[in-house]
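One chain comes next, on its own, written out as structure tokens in the form predicted on its own.
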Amino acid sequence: MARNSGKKIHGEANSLARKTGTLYVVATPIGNLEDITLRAVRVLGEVDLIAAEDTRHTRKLLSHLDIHTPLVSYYKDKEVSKADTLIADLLVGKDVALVSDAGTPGISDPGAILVAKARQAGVRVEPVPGPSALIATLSVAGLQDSSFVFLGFLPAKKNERRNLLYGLRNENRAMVFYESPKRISSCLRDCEEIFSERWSLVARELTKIHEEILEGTLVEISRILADKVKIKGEFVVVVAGAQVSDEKPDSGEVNELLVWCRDSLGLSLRDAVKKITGELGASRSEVYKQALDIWGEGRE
């Protein structure tokens, strides 16, 4: 199916009536090439230019679809400068399709800067929806509550990651994030330490030959991955939120959190008390008394 015949896009928006081009944010397959929409195929074949996170990767997809639209690179380290060049093309009437290596651009992939600049310049931005690892995973997670917190990729540095997760200890909604194969094991260990035996679902290589979806407690999933000789593919992790409870935290739990704040987070007594009273809704005076004992300031 030959594409890019030079015919301008038509349909939802009449490009002939516009002085500027349109920026199409196009979702592409996250693995299985059959998961591209008919509209995405049409748009990719009819735009003047495709801005790709990795032109080598996108060229394989275009070759499979017999599409010959010119490609330019648009990757994270050069987002600002590349965005300015693409905006100039859009302002003179060129239609541009933005794609990432897999899934929907702008969702933990390059794209947000270009979209924001296009809107500021008065350029029409049009989504061409399709595959998303986030939505694909949630669709098979079986969550009863449709609300969730999406965290993107967690911080690569261990301390920053643990601080972020600790701050979500009392989050009632399910938490969803991406993780690399290099860090998935250490990340799950952090989750296990902070969230204990919560239910979790981990998905990798979605829509590909070696697709794998693991469900169980954080401890169970950590053990399964620990037995693997080599871990491949990026992960989507879903962790159940904290159970809603009207009970006030007991002194033992407060002591445990105070020790965590001091030893793991390196917080001062004052900052630890502020953090715990804010997150748990506990009495400041009671938490402060316990903190004095733990920091050794309450002993003679």
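In this text the structure is predicted, and so the values were computed from the model without any measurement. The numbering used is simple: start at 1 and walk along the sequence shown.
Not pictured, yet referred to below: the form predicted in complex with S-adenosylmethionine (SAM).
- The stretch from 178-186, 114-122, 222-230, 155-163 that comes within 4.5 Å of S-adenosylmethionine (SAM) in the predicted complex, counting heavy atoms only, is 178-186.
- The shortest heavy atom separation between Glu126 and S-adenosylmethionine (SAM) in the predicted complex exceeds 4.5 Å.
- Under a 4.5 angstroms non-hydrogen atom cutoff, S-adenosylmethionine (SAM) in the predicted complex has Leu134 among its neighbouring residues.
- None of the heavy atoms of Ile194 is located within 4.5 Å of S-adenosylmethionine (SAM) in the predicted complex.
- Using a 4.5 angstroms limit between non-hydrogen atoms, Ile36 is distant from S-adenosylmethionine (SAM) in the predicted complex.
- Residue-level contacts in the predicted complex: of Ile30, Ala272, Val254, Ala240, one residue has a heavy atom within 4.5 Å of S-adenosylmethionine (SAM), and it is Ile30.
- When S-adenosylmethionine (SAM) is considered in the predicted complex, only one residue from Ala83, Ala203, Leu90, Leu218 comes within 4.5 Å through any heavy atom, namely Ala203.
- For the three marked residues, Arg169, Trp260 and Ala291, no heavy atom of any sits within 4.5 Å of S-adenosylmethionine (SAM) in the predicted complex.
- Scanning 104-123 for heavy atoms within 4.5 Å of S-adenosylmethionine (SAM) in the predicted complex gives Thr104, Ile107, Ser108, Asp109 in sequence order.
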